[in-house]
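Next comes just one chain, in structure tokens: the form predicted alone.
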Amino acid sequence: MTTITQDRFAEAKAQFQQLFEKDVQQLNGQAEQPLHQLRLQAIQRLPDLNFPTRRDEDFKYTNFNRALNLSYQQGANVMIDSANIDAYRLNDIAPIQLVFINGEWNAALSKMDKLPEGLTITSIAEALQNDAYKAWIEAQYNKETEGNAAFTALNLAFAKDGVFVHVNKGVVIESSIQLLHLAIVDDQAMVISPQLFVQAETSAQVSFIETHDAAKGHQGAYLSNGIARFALDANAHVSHYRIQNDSQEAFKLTNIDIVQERDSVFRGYTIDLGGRIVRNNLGAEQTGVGADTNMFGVYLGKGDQHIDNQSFMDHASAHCTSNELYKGILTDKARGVFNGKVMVRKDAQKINAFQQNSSLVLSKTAIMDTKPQLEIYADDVRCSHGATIGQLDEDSVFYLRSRGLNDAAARALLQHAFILEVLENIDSEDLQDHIEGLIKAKFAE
């Protein structure tokens, strides 16, 4: 007897394959280029891969596959005037700016005329022409994120203008680099595929600020399916800020992978304000002794927003440290999810790991699911984790009102104070002020 298993996502996969084939017809003779060959390999893997469902433990609380029910077109680099971009630029904080419209790099709108010596910024396609970078980039295309392999394959297939950044040994980039992502989507849903690959050599230092916004007046639905991968050599220092204020109709999936060598330091910050369904996968592997990893997150959910943060901290070497602090505020019918796992491998002694998730749930219909986890196979470690879910202290609200604040102002002040513990970890005061302004605007909606 033969058993026939139907693929419940066959129709969605067929749609993406058709989009890819349509894109190939517009390549104008570039089909033999190395990048296209890697993209072709990715789309060819798609039929054999499974999109995650709520039966998968890591997607138990998040039905992200609702994003597959829409009819999509490939993201298009639409025409836009430079003046319309100015409101999204961080000129005083990040003078080097890479602008992406619907996921495609727009060189004319970017600002990167005077790059510091030792800093290389180029497209993935151009980096593949360089023998110094080719092998590592190809390895990234052959690396699939466990549990998200189908979405990873989609990004690798559809990201035509991914960015590769390389910082030479000992080079310190004083100013931050902004990656300005702007979605301009109206009636037709689009697939947007941001992609960032970073190599930081020994003792290099660099900071990235990714901003994700929907253009004013353009609040259509889209699937933003992004990948960011970082390789830190010994004693390298990398900071990565991701400030997400996408359309309220957007489906947002981000996969961030970090590999750290000896004594390297990574600081990651995730600020989630927009999006309909948001899923962040953040994984760090410490392959060298003395590596230090920091993950900070703030999420604000209103309406029927769904924001899911997943982190995996892999302590694979001894004498390493990690610190995770996520705080969120949920109201209306919003739902938040935090699933953080810290693994300490057998020979990874002298590990110091901390993980904390705290949330305010401000309405009877808002929901928060939190599950911090420790998986430890070494015996000489200091590891702790915790989670709290609560409401505003009404006594504190009454105290502030007795000092002249109205009810709304008192509650907003307490909410701001709640997430300030995370914001205080931001190195730049100007960037902290900018983020606080975005959060205040979210509170005021």
Partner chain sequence: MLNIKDLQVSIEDKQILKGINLDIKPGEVHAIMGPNGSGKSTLANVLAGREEYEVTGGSVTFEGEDLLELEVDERARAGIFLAFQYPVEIPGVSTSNFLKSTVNAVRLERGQEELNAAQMLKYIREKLDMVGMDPKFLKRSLNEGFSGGEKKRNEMLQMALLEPKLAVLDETDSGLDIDALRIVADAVNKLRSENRSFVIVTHYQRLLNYIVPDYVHVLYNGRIVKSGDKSLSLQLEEKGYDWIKEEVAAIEG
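From a predicted model like this one, the values you see are computed outputs, not experimental measurements. Positions refer to the first chain, counted from 1.
Note that the form predicted together with its partner chain isn't included here; everything after this is about it.
Only one of 33 to 41, 377 to 385, 50 to 58, 413 to 421 places residue heavy atoms within 4.5 angstroms of its partner chain in the predicted bound form, namely 413 to 421. A heavy atom within 4.5 Å of its partner chain in the predicted bound form is found for exactly one of 391, 26, 402, 69: 402.
Contact between residue 396 and its partner chain in the predicted bound form is found at the 4.5 Å heavy atom cutoff.
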